[in-house]
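Take a look at this single chain in structure tokens; it is the form predicted alone.
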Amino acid sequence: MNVYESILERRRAARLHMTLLDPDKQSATEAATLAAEAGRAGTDAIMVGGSTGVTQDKVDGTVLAIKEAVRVPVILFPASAANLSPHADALYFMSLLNSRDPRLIVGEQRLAAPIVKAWGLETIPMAYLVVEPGMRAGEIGDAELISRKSPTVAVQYALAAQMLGMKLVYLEAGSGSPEPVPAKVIQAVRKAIDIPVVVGGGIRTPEAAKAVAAAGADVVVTGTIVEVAREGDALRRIIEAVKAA
């Protein structure tokens, strides 16, 4: 069973939680410690990636250290073709569909594809959609931000992603966002498509995590709460809220 199949299998039992770690925000050893805490708290996978300052050396070191520390899948969440590692279990082969920059829609993917094929790394095609306020992800991605007030554009992009053959749709409010993606946007996207919906950004409390999951997120992603709080119980409460939704 590959990583994507395992995600679908685990989703049949409960909603999933994934922990995002940025290789530029801590050393590989620290990332491994955080990943181990997340694993004990019940996270379903560790995502490795960041918007700026990430090199392949950092990614390689972080992935290898995390794999020594946990037994859940380690999935790359790259900002560019320079943020890859052959040591991961899988790669979100993602396209920022609402970017104004063609490089982030298909350019970086063009550069990455031959490398990923040579490595034999599992790819999980994913549409990445940045929702207001977007934060650093929106700035770096030159995103035409999706409105929080109306789900229409989000639904259009999500449907297009499914019809293009993508296997996941990721709704991103941005790391450090004051609030998560609104429930009505998540609900509308979940109702419109058949593939799993991933939601991240601005999720810092069990209440926020439960609301996002209850709105229809199949996978809830948190990162800042792990990197900043560094407190396993806080993450455990968030994961429990996701699983109970």
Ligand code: 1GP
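In case it trips you up, residue 1 is the first one in the sequence shown, and so on. Every value quoted in this text rests on a predicted model; they were computed, and no experiment measured them.
Below, we turn to the form predicted in complex with SN-glycerol-1-phosphate (1GP), even though it does not appear here.
Asker: Between the options Pro151, Gly141, Pro78, Gly174, which residue brings a heavy atom to within 4.5 Å of SN-glycerol-1-phosphate (1GP) in the predicted complex?
Answerer: Selected residue: Gly174.
Asker: Identify, from the list Val185, Ala217, Ala38, Ile203, the residue with a heavy atom within 4.5 Å of SN-glycerol-1-phosphate (1GP) in the predicted complex.
Answerer: Selected option: Ile203.
Asker: Taking SN-glycerol-1-phosphate (1GP) as it sits in the predicted complex, is Val221 in contact with it (heavy atom to heavy atom, 4.5 Å or less)?
Answerer: Yes.
Asker: Residue-level contact is defined here as any heavy atom of the residue lying within 4.5 Å of SN-glycerol-1-phosphate (1GP) in the predicted complex; does Leu16 satisfy this criterion?
Answerer: Answer no; every heavy atom of Leu16 is more than 4.5 Å from SN-glycerol-1-phosphate (1GP) in the predicted complex.
Asker: Is the gap between Tyr92 and SN-glycerol-1-phosphate (1GP) in the predicted complex 4.5 Å or less for some heavy atom pair?
Answerer: No.
Asker: Flag Leu235 as yes or no: does it have a non-hydrogen atom within 4.5 angstroms of any non-hydrogen atom of SN-glycerol-1-phosphate (1GP) in the predicted complex?
Answerer: Taking the distances in the predicted complex, the answer for Leu235 is no, it never comes within 4.5 Å of SN-glycerol-1-phosphate (1GP).
Asker: Hey, of 27 to 35, 208 to 216, 195 to 203, 57 to 65, which bit sits against SN-glycerol-1-phosphate (1GP) in the predicted complex at 4.5 Å between non-hydrogen atoms?
Answerer: Of the stretches listed, the one contacting the partner is 195 to 203.
Asker: From first to last in sequence, which residues of 5 to 27 have any non-hydrogen atom within 4.5 angstroms of SN-glycerol-1-phosphate (1GP) in the predicted complex?
Answerer: Contacts from 5 to 27: just Leu20.
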